[in-house]
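Here's a solo chain for you in C-alpha cells, the form predicted on its own.
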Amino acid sequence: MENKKVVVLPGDDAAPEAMAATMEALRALELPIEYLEFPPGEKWIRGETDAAARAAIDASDTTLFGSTSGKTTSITYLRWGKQTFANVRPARWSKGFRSPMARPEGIDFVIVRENLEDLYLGLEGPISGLAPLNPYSRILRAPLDTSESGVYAIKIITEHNTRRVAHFACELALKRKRAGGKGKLTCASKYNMLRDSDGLFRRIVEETAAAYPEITYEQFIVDDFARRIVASPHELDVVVMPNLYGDILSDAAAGIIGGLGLAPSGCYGDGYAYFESVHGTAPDIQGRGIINPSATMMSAALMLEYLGFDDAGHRLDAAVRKVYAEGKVLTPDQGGVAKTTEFARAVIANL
C-alpha cells in the first residue's frame, strides 16, 4: 500500500509540546505514513512557511494541527480553502476523567458544528455603514437607528452549507447506530428569535433527517439545549448546530467530561479533513512541559480512522483512556503531577 502523507503543523505557544508527545505515539504505531513536520516559530509571521504549508497541504492526505494563537495562519486555508464544513467534536467520558458530574458514566455524544459561516465570516463594521440600507427591525417594529455609535455583525446561514452539514450529521448518527449507539440526531438553534436564519437551519436539518427513517430526530431552542447538556447529557447522541453555538457548547460538553484537555476534534470536507484539539495554546504554561496531550492524541486517533487505519486509531484512543483508568501518570489539569513526556511514555506502553 502506498504511504499516506500527513502534514503536521505543531501550533503556537505550548501546543507544540502536546504535538511532540503525540508524534512519539504515532511513530510507535509504525504505520505506512509519511509525516511532513513543520517547525513552530515566528517565521509564520513572514508568510514564507505558511505558503510552503499550503502547498504541502494540497499534496497531502490530511493534516494534524496544533492550536494556534494567530501565528499559524494555515488554519484559515484548512477551513475555507479546503472547505472542511463539518467540525466533529466528541464528548465521551472514560474512567479516570476528572468530570465535575456526579454520574458521568455513559456520557458519549458528538457535536457536529457547521464550520464555515454564521458569524465567523467577520462581516462587521460601524452601524453608520448600514444607513444606506435603511434596515428595519422586525423585533422593534421600527427602522434601526443608525446614528448610534457602535458596530454590527452579519450572520450568514446558507442552504448549501446547512444541507451538507445536516447530511453529514445524519450519516454519523446512522453509523453510530449501526455500531450500537442510539441513532438519534438533535438540532439546536435560536429559531424562536432568529426566525429567518436559524429558522432556515432548523428547517433544512429537519427535512434532511426525514430522509433517514432509521434515526430519531429532535430539536431544541439552543438555550434549552445548553441546559440539557448539563441536566441530561446521557440522552444525547449526535447534535448539529450552527457555527457559533457549536463552538461555545462543545466547550461546555468538554467541561462535563473533565475539561478541554480531553476534547479532540476533526474537521471534514467532501475531499479533505484535518484534525486538531479543541483547547487553545496555553501560553501560561509554555515551556513547563505539563500541557495535557490527550486531546491532540485522540484527535490523531480520529485522523488514523479517516486514513483507513481503523485498528491503529482504536488502539491509540484506547491507550490514552487506559492511562486515565490506571490513574498513575496524569498531568496537573487532571489532578496528577506527570510531565507531558511521561504521559506520552505511558500511552506508548499501553499500545
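Everything quoted here is computed from the prediction, not taken from an experiment. One rule holds for the numbers: they count along the sequence shown, beginning at 1.
Omitted from view is the form predicted in complex with ligand ATP, to which the following refers.
J.: In the predicted bound form, which of the stretches 162 to 170, 125 to 133, 257 to 265, 197 to 205 has residues with heavy atoms within 4.5 Å of ligand ATP?
T.: In short, 257 to 265.
J.: According to a 4.5 angstroms non-hydrogen atom cut-off, is Ala282 in contact with ligand ATP in the predicted bound form?
T.: Output for Ala282 is yes: heavy atoms within 4.5 Å of ligand ATP.
J.: Taking 4.5 angstroms as the cut-off for heavy atoms, does Thr63 touch ligand ATP in the predicted bound form?
T.: Close contact is absent here: in the predicted bound form, Thr63 is far from ligand ATP, nothing within 4.5 Å, heavy atoms only.
J.: I'd like to know if Asp333 sits close to ligand ATP in the predicted bound form, meaning any non-hydrogen atom pair within 4.5 angstroms.
T.: Contact with ligand ATP, yes.
J.: Within 4.5 Å of ligand ATP in the predicted bound form, which residues of 291 to 311 have a heavy atom? Give them in sequence order, or say none.
T.: Those in contact are Ile291, Asn292.
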